[in-house]
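Next up: a single chain in structure tokens, the form predicted on its own.
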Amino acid sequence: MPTAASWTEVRRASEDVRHLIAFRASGVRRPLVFASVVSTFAGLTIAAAVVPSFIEGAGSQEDYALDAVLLLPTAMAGLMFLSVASAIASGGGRELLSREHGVAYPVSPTTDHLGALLLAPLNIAWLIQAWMLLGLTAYGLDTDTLLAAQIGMVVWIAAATAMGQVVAWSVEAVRRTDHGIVAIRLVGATVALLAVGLQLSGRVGTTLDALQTRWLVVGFVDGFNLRWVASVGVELAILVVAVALGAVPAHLAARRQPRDELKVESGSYPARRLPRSPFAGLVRTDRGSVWRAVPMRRGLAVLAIGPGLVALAGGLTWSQMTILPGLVASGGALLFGVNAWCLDHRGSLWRESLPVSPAAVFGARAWVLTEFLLVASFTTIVLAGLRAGPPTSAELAALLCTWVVVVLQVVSAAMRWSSRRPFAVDLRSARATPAPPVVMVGYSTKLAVTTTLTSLIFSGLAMVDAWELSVIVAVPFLTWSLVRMLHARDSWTDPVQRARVVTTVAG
């Protein structure tokens, strides 16, 4: 079979990816900050792969070190499933070139596929999982075989990411068929029920071990030898096949129109009764722009239901559930809140002509973001609480206080960042992100650290038999967030600052 056409396509797509990366890099506003961020994440990756080997007991093949080695096959399988879930949730991956720019400067689906692969690691959940896998390897194996094992793990991380993209593009291609949306939803519900059933039956570990990742780990533990070459060779073969195979469903998806996005854009929405106040009208407009957007609805379903089902299957206690509101609120803000004014896009010029105060516009946007996060986190809490039994007054107070505190923390941070660092983004595409990928990694890290630390405080308070203590501790958190929210409002009401934000997001 002639391969000239396919090889030409790969070569051309690789060149296009190189040019697009150079184009994106040229738009970096602060090169020194960008270089420091990249250096930081590279340093953290190296530290995760090396530092655990210096901990006492590392590589001893007994106790915790032996447990780490035994967990490696399961952790490798877990990384692959995380890559699949993350790619599916973002509709095939992040966009190296936005859909709007692709109209004037079209690129091939293969270019889109390769770009999505390169941007896939710019996800805090993916990074943490990869660091944990490298850390487990460094702690479990001795230093003589560590380099060989870490090379194998890095290749596996790349292969697992590529396999996730294949599944994600396939799902996107099916979703764009006549009845694809319904089919994907049914398959998703079935997979979720199967996952819960496996967890309840205690067969999750057995299922993950059935993927035969243990065969790969056995080849890593003895250093550089023929068995290591065989294991790495299998991984490289999987990587190459997955990268090449992913272009096929990417082309299939590109030939079909995104039905869920087109349905929103071509839909007819009858006029409703006029609101009672300008603020109510602003809230209605903002609420419609959020809840009608495909990435918002899809992201809300993943954020609200996914962690809730995991907590339901794991049988978390009420004190452990305090971590969930912060997790969901942080993820919800990353859908649009960290660049909240980009929702208006070119319509922001029209919004600025309305005879309403800037403070009312700010209040409406903050209110809609707050209710979006509250709905998502409340759904997660309800699902997680189905197996937790009745809570004590201290546990309920701690959970409710955590819920309110972390949502207000996230909204306050998001509204500050939205005014400080606006970006022009078209969020009509299901794969669009409200800020560049590297910036999103920074935002997600900051939100994850803040909300996790806050949740841990209230998790400890849930074990104290005094519900009043959680309320007392929540007061300074809420006060500080409200003060910072007022500063963000003052920044927005400044005409010069507001003009900068509006012209940026409308560009």
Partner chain sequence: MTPSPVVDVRSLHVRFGEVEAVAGVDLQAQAGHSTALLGRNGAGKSTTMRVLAGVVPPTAGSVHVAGWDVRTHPLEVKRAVGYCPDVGGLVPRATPWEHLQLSARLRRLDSWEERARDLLERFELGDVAHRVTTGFSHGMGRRLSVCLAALHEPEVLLLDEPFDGVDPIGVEATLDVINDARSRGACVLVSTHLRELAVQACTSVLVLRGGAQVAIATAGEMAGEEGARAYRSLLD
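These numbers were taken from a predicted model, which means no experiment stands behind them. Numbering follows the first chain given and starts at 1.
Omitted here: the form predicted together with the partner chain. The next part is about that form.
(message) Within 4.5 Å, heavy atoms only, one stretch in 321-329, 370-378, 170-178, 276-284 touches the partner chain in the predicted bound form. Which?
(response) Checking each option against the 4.5 Å cut-off leaves 276-284.
(message) If the cut-off is 4.5 angstroms on heavy atoms, which of these, 256, 251, 298, 292, is the one near the partner chain in the predicted bound form?
(response) Result of the distance check: 292.
(request) Could you tell me which one of 214, 416, 387, 345 places a heavy atom within 4.5 Å of the partner chain in the predicted bound form? (result) The residue from 214, 416, 387, 345 that makes the contact is 345.
(request) State yes only if every one of 85, 187 and 194 has a non-hydrogen atom within 4.5 Å of the partner chain in the predicted bound form; otherwise state no. (result) Not a single listed residue reaches the partner chain in the predicted bound form, so no.
(request) Determine whether any heavy atom of residue 351 comes within 4.5 Å of a heavy atom of the partner chain in the predicted bound form, and answer yes or no. (result) It does: once the partner chain is placed as it appears in the predicted bound form, residue 351 has a heavy atom within 4.5 Å of it.
(message) Is it the case that residue 357, even though its partner is missing from this view, gets within 4.5 Å of the partner chain in the predicted bound form, heavy atoms only?
(response) Contact with the partner chain, yes.
(message) Can you work out whether residue 435 and the partner chain are in contact in the predicted bound form, taking contact to mean some heavy atom pair no more than 4.5 Å apart?
(response) Output for residue 435 is no: heavy atoms all beyond 4.5 Å of the partner chain.
(message) Contact with the partner chain in the predicted bound form for residue 421, defined as at least one heavy atom pair within 4.5 Å: yes or no?
(response) Heavy-atom contact with the partner chain at 4.5 Å: absent for residue 421.
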